[in-house]
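Only one chain is shown below, in structure tokens, and it's the form predicted on its own.
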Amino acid sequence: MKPLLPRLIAHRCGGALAPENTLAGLRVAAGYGYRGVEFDVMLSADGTPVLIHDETLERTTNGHGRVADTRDTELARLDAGSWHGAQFAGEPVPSFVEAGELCLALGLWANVEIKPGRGQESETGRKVARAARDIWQGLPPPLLSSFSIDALTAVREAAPELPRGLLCVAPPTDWQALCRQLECVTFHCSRRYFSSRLLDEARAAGFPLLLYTVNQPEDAGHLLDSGVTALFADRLDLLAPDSF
């Protein structure tokens, strides 16, 4: 099932305007009129899917060490907002369940990027897929994407009905074969590697093309007018969804 994709998607919840991968970021995205958000999910030491990008805690929280070695009780005590600004002090590391429920409450479509810790690719894929199926039960599901082939394979096995997207930096020569193998419905890559040839290939193969990260209105308009399906943005204040 191919998802209905918004043309602009807020990167890591609230882009550059909020601490990444937080509930505050989801609220910021909704406040700027965004209908779609993207965020990263990995597993805690208790096997709970939580929102965070890095395998370690230092960059976006006041914690230390690996996420995969940190129990849920410890994660709950961390401050994931102060690094971005005093107004976000005390913002917690949210669970996937909390983020999914807030997306539903705010009417936000979600692209969930599965970001497994080393050695946890399959387990993360399975647990995120099962959690997504439970959270969005009976509702249009999120798009689950990943750089990890093993994670996407696990998603396909655990919840084959959920739409999947293959995520790359630069498109490999066999990207279409990989998408078909994993039964993906979208292909995502860096804006730096966009070309008209890639767009033509994606159109011919029937894969919507999603690009990250685009922050200039002129660039966004050109890409969308050329036929790119959706863009991930950090500067939500510069790219108003109603303008595209």
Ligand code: G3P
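Note that the coordinates shown come from a computational prediction; the quantities given were computed from them, not determined experimentally. Start at 1 with the first residue shown and count on from there.
Just so you know, the form predicted in complex with ligand G3P exists too; it's not on screen, but the next bit is about it.
Counting non-hydrogen atoms within 4.5 angstroms of ligand G3P in the predicted complex, say which of 75, 167, 108, 154 makes the cut. The residue in contact is 167.
For the chain seen here without its partner, which of 62 to 70, 195 to 203, 33 to 41, 214 to 222 has a heavy atom within 4.5 Å of ligand G3P in the predicted complex? Partner-contacting stretch among the options: 33 to 41.
Even though ligand G3P is not shown here, does residue 147 get within 4.5 Å of it in the predicted complex, heavy atoms only? Residue-level check for residue 147: yes, a contact with ligand G3P.
is_contact(residue 191, ligand G3P) in the predicted complex, heavy atom dist at most 4.5 Å: Looking in the predicted complex, residue contacts with ligand G3P do not include residue 191, since no heavy atom lies within 4.5 Å.
Test of understanding: in the predicted complex, would residue 53 fall inside 4.5 Å of ligand G3P by heavy atoms? Yes.
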